Every structure is written in structure tokens, then in C-alpha cells.
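As a starting point, one isolated chain is supplied in C-alpha cells, in the form predicted alone.
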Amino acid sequence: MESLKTRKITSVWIVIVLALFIVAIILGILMRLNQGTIIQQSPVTFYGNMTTHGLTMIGIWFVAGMAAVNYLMERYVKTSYGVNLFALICTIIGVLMLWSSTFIGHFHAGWTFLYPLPFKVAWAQWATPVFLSSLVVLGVGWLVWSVSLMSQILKKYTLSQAFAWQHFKKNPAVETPPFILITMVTLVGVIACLLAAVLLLVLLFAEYFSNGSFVNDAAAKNLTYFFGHTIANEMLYLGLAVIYELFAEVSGRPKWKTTWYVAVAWNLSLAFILTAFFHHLYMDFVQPEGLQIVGQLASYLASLPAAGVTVFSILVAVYRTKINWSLTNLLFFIGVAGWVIGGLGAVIDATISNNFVLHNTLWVPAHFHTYNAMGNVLFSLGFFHWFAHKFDVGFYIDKNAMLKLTLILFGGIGFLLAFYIGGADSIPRRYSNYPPEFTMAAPLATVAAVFATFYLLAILLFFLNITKNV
């Protein structure tokens, strides 16, 4: 079972994640209000907020998944408190460096910091190296944490057992829990994308300090999207590992076991998710055509094994079955639906013929906000709620459960619909102010900001309830 120190540091992670989430949501609302001409931000402020919002969101929901997995892994193997603490310190320092580069140094190259934007200095000269250094600090902390968790798994399970290969046959001698399998598959992807980030940052620093004598090429964009796309998807898988471990438990049902199709599905997911990022590069015509085809196929195939098996498992668990419904498993259940819907939106965009129309429109933030704001966030909120009340004496009744669910569904769905409608209307993304030709852009942005405010209210209620009990 988990140690008292692990319980305490998990509490700290939860408080930090929720606090940063509230700030990041507010930045997003301000951006949409600016696009709706309700307020006026300078382009520098807008793009600085966009940079801060995007990277903060990716970072906090990655560490939220890692903290949850780290806590639950203590059921199976001993984890390192020192490494967990190291990752926490690196995350705090990295976020402070990131925010100083954007809020003080006005760095505003976007959360993807696509090459060569970081070197087209339109901000304080020191902001670029501080921004890149913040990614180094974050990446090192997370890489050490990921390697540590994987090493602890491999101390108890052989490599083949960690990937549940013995489950390809009937009646394996050793059973691998689904939680261990999914965590192992996810950590491989996380470590791969963080190593790519290290290589990318080495190349960017080399160019920055060479004063232009060394330049990068298309490899920089490939590395950027391999890192960014992969970590955004792997943090979803961290949330799914939590669901496989807790959904049946909190629902009063028998614990899920690894079957041959679960083992096959998650092993296939490992291969597909590492090659799906090519769909971001369809418009980079210098890319070999074969990579574009790989990107489309992998984008289709990545969504099938993990999603199909997970949805099937969830439906079987609840169909015509008495379930002890609580806010925790409701968040898990709704989150899976949000993940699937966002995934379908991604597959539509990843189809090459559709991408010609949807590329760089609001459809893109529509699908990734769907599987994050209405998918992965709900996975973590479910864990946070469970963690906050698992030590309660007696049966806990959350009096505000329906209010929080109503606000998060009402606000989240309305916020996302504005994105999808805008994408279908070919409204571009990343604009701080829309040209008058896009007549629906400003009204949709305003509507999105209003709905996002309801979503923010739900998160504030979660923050008050959860932080009072952790």
C-alpha cells in the first residue's frame, strides 16, 4: 500500500494542478473574449497568453496522470519518493521559468514554439533561452520520473510480463494487471517523446548560441510534433490506466483482468501512437509521401485498439448491472465519452482529403480540447475526488455533485461546439483578431467564453471541495 509520504506528495500535486488549471482556464477565456472583441489585448499579450495557456495545460495534465499512476502503482511495486519530489521541484521551477519568459519577457512564439519562431526575437532577448531552459527543466524532471517508474515495474515483472505478452495464450502462469500493462506501454511512449524533446532542445540551443552559423531543418518540426503530439496522447493513456484500476473498484464490481484482446490492443497502441504525429505535417510538402500515408494509417489505427477495448470494457461493466454510481465513476464514464468524441474529431481531421479544408482552422483546437477538457481532465478529476474522500469515515455524499457535473457538461459542451462550428466554417485558429470577412468568428468566440466561464465555475467548486479534503 501507499506510504504516508506518497499520500502527502500526491496531495501537493493535486493542489498545484488544480490551481494552475484555474489560471490557465482564465487565460483561455481572456483569449476568446479578445477574439470576440469584448476586450482588447495587444497581439503580444494574446500570443503570450496562448503560449502560457497551451504549455501549462499540457504540463499539468501530464503530471496529474503521472501523480495518479505513481500513487496507484504502490499497490504493486515500491516507487521512489525522492524521484517524485524531484519531479515536483522541477515542475515548479520549470513553470516559474516558463511564466517569467512569457509574462515578463513577453515570449510569444506559441505553445508549439515551431522552428524558427523562437529565433525571430520580438520580445526580450533573454526570454528565448529562459523559455527553452524551462522546457529542459521540465523535461529532465519528467524523464527521470518516467524512467524511475519503469525501472520499478521491471524489478517485479520481466519485460515480456510487463507488456503482458504471456496473455496472448490461454491460462498464463503469471498475470499482469491491466494497470501495469497500460502504464508500461505509456511510459515507453513518454520516454521516447521526452528523449526527442531533449534532442530538439540541443539542436535549438546549438543554433541559438552559434549566432546563425548552425541552422536546423525540417527535422526540428518533426521532433517538435513527435514530442508534442505524443505526450498529449500519452497523458490520456495515463488517465486510462487509472480507470482500468479504479472503475470496477468504485463501482462495486469485480476487478478487471488482462485478457488476450486487452494485451494485443495495448501493444498495438504503442506502435500506432508513436507514428500518428505525421498527420500534423501533411502541408509540409518536403516530407516524403510515404510518411504522410503512415500518418493517416496510424491516426486511424491508433484510435481503434485502446478505444475499442476500453469502451467495450466500460459498457460491459455497466450494462444491466447494478452500479454504485458516485461522482468518481461518473467522471470516468463521461470522460471516456469525451475522449472518444475528441478522437473521432481528430480522425476526421487526420484524413488527408479533409485536412486540406480543416488544417489550421478551429476544428483543430476543437478536437484536442474535447479529449482533454471533456476527457483527460475528467479522468484526473475522478481520481482527485476518489483520493480526497477515500479516507473518509463512513459513506461520503457529495451534495454538490450534480451541480458540478451540470456546470462542467453545460459549459464544456457549449465551449466545444463553438470551436467545431467555427472549424466547419473555416474560421482559422491562432488569430488574435479576426478579419471582418469571418462574420461568425467574433460571435462564436464570445459564446465560447461564456460557456467556458460555466466550466470554470465547476472547476472552482472541485478545487474548493477537493483541496479541503486532501
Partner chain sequence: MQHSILWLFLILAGASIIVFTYVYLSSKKANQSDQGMNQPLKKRFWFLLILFVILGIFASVTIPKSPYYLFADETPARVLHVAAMQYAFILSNDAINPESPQGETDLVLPLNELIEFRVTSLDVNHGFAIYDANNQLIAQTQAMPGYVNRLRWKFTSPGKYNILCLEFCGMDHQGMRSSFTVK
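In this text, all values refer to a predicted model and were calculated from it rather than measured experimentally. Numbering follows the first chain given and starts at 1.
Although it is not shown, the form predicted together with its partner chain is what the next lines describe.
- Residues placing heavy atoms within 4.5 Å of its partner chain in the predicted bound form fall in a single listed stretch, namely 111-119, out of 111-119, 97-105, 69-77, 166-174.
- Using a 4.5 angstroms limit between non-hydrogen atoms, residue 38 is distant from its partner chain in the predicted bound form.
- Although the partner is absent here, residue 351 sits close enough that one of its heavy atoms falls within 4.5 Å of its partner chain in the predicted bound form.
- For the chain shown alone, residue 54 is not a contact residue for its partner chain in the predicted bound form, no non-hydrogen atom being within 4.5 angstroms.
- Not displayed here, its partner chain is approached by residue 43 to within 4.5 Å at the level of heavy atoms in the predicted bound form.
- For the residues 372, 313, 258, 267, the 4.5 Å heavy atom test against its partner chain in the predicted bound form is passed only by 313.
- Taking a 4.5 Å heavy atom cutoff to its partner chain in the predicted bound form, the contacting residues in 347-374 are 347, 348, 351, 352, 353, 354, 355, 356, 357, 358, 359, 360, 361, 363.
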